[in-house]
Every structure is written in structure tokens, then in C-alpha cells.
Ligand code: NAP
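Okay, here we've got a single chain as C-alpha cells, the form predicted on its own, with questions on binding and movement later.
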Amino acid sequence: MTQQRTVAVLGATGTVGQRFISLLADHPWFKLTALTTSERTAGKRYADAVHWHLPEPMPESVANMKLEPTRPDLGADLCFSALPTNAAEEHEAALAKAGHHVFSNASTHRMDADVPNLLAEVNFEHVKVLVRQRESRGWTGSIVTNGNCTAIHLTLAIAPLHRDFGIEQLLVSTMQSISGAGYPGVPSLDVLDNVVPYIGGEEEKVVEETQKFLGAWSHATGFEPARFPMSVHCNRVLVRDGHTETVSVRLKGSPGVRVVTESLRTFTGRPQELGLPSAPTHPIVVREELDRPQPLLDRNTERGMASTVGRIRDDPVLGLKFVVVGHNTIRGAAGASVLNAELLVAERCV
């Protein structure tokens, strides 16, 4: 990169917007030039309008920036969207039509037939659909989404297994942190001393998005999702950050623990080949200890950009089982979008 690209964060005051800001404030390729919010808050200094939730301090470079309304004439090339679903429906397509390249954390467009739901190490070939997206919609910009936080960490962990062996059946149970519900999130009296066994729409998203991630795209047929049966249970637990997922999987050929572990440990993708600024050296980190991974100890592995896998062992029902932990607001949200943008910039797709 010889010249920084100008970037905006849409929905900059929320928890995911704050995470975008923390990742972009000193980015070597991207220059943060605009922060957007609702009309009600527009015009305020960022530091005056936001209740900063992250443990690291607010970057000094953004404290005095003025919040703007989300409009098509925004002064930025790339837009990172932390907008709520309804606002994303209103603004993202308008921004893309006006020539902006939108990298969205919102679920609004993830399953659109001409939008790549991109997981940078797994399905880069899906960005070929952007040619069709721009032609059919008359856009000079584009929309690229990142997936649901649970689906991202699950897919990172199973992508090499599907590639190397093929998945026949998959069973997943999740223990998802309260930060995944945003701020203020789940009321304390609902989650304290409790497990909430329902997160609205989550189980359906994990199935649809995982199968889109692992599927194919062609000019002739469009997106073809991976077709293997999945059973998903999603639970909210009293953990601040980091989702835990227990996975049981049936693989073609019934490979053993040793060869599966090697497949996971050696997995890399295009971001690692290119040495992108946000890319983890190891997108999957395998732990050998009997009691790992744990969200408290492992959510920040590789700066929060990796999925940590442990307890890989035989399963008497499906053949193989293991545990996955990943940071839900870094690789599971803002960090995934930033890495997607780096990849598309490096490959001259935007």
C-alpha cells in the first residue's frame, strides 16, 4: 500500500462501532475520516456522545471528531457498518449506489444472492459475485458482509475439515457471551446465576451462514451452499467476551484425532499468504491441555483474530468432537470486516 484509503465507521457509538474504531485508529492502510450516528446525536464530539465500553482507552485521534449522520455523500471510500438491522436496510445500499464500498457487520444483506458473506481465509472466491452485484444493481460501490459471530468461529474451525475430508453431519452447542447482545444487552437478573437457552434467530443464522461460507459460487448457478445436516443449540451465559462452542462432527472416511489435529493446526488462507495487517499468523490455534480453551484465557489469542480449538477427541456417536473459543466482537464482528477490507484492497477488488 502506498496511499491510505479513507474510511468511515457507521454506527460509531455502539459496542461494535467502538471495536471498529479501536482497530482502525492506527491502521497502516486506512485513514479514519468519518464517524456516523443517528440524526439525534449528529454534530456532537465523539468523546461527548459515547459511553466507551472497551478496556483499552478511546484513541485520542477520534475524541474530537464530529459525529455525522449516515448519508450517501459521506467523505470516505470504505465504510465499516456497525449499523442496527433497520438502519443498515436504509443506508447500506444507498452508500454502495453512491460509490462507497461497504463492509458490513449487520445481518441485513448476508444471505442476498449477490452479496458475498466473506470469511477471508475460507471463501475468497465468493467475491467474484461483486461483478454481478454492481452490474445488476447499477452500483459503482459494493456491499460485502461478515458473518454472525458464532458462525465465523465455527466455520474457521471446521473449514479445513470440510476441505480435507468432507463433513457429513454436524452438531453444535454454544455458550455465548453477553457482549454478543450489545449494550446494555441481557438484563442482569435474567443472566445472573442462569443460562438462557434461546437467542432469537441465532440458530437459524448459524446454519444458513455456515453453509453459505463453506459452499461454492459460480457464474452459472450463483451460490450453492454446502449441504450437510446441522443441529445447533445456542445459549447465553454469564461471560463478558468470548463464545464457546462444543462441536461433534461426522467426517467422510472417519479420520483419526492425529490427522484431524494436523489439518486444524496447519490451516492458513490468503490473508496469511499476503501478510495482511490484521491477519492472525495462525487462524486456528490448537491447545493440548485438558481444560482448554477457555474464554477468559483464550479469547484474545492472535489479538482476538483466531479461533482456539482444544479437547479434540473421539466421539462415539459422530466420530469426532472438540471445543472452540473465539472473541465475538473482534474476529466475530469488527475484526472480520477489517480483514475482509484488507483482503479486497490487496487483491484490487475495491
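Quick note: we count residues from 1 along the sequence shown, nothing fancier. None of these values were measured; they are calculated from a predicted model.
The form predicted together with this ligand is left out here; the points below concern that form.
- A heavy atom within 4.5 Å of this ligand in the predicted bound form is found for exactly one of N105, S278, T210, N117: N105.
- Contact with this ligand in the predicted bound form, defined as a heavy atom within 4.5 Å, holds for exactly one of V144, L154, L95, A82, namely A82.
- At the 4.5 Å threshold, heavy atoms of T308 stay clear of this ligand in the predicted bound form, well away from it.
- Looking at T244, you'd find every heavy atom of it more than 4.5 angstroms from this ligand in the predicted bound form.
- By the criterion of a heavy atom within 4.5 Å, A333 is counted among the residues contacting this ligand in the predicted bound form.
- The closest non-hydrogen atom of P271 lies beyond 4.5 Å of this ligand in the predicted bound form.
- Of the candidate stretches 173 to 181, 222 to 230, 259 to 267, 128 to 136, only 173 to 181 has residues whose heavy atoms lie within 4.5 Å of this ligand in the predicted bound form.
- Counting a residue when any of its non-hydrogen atoms is within 4.5 Å of this ligand in the predicted bound form, the hits in 7 to 34 run G11, T13, G14, T15, V16, G17.
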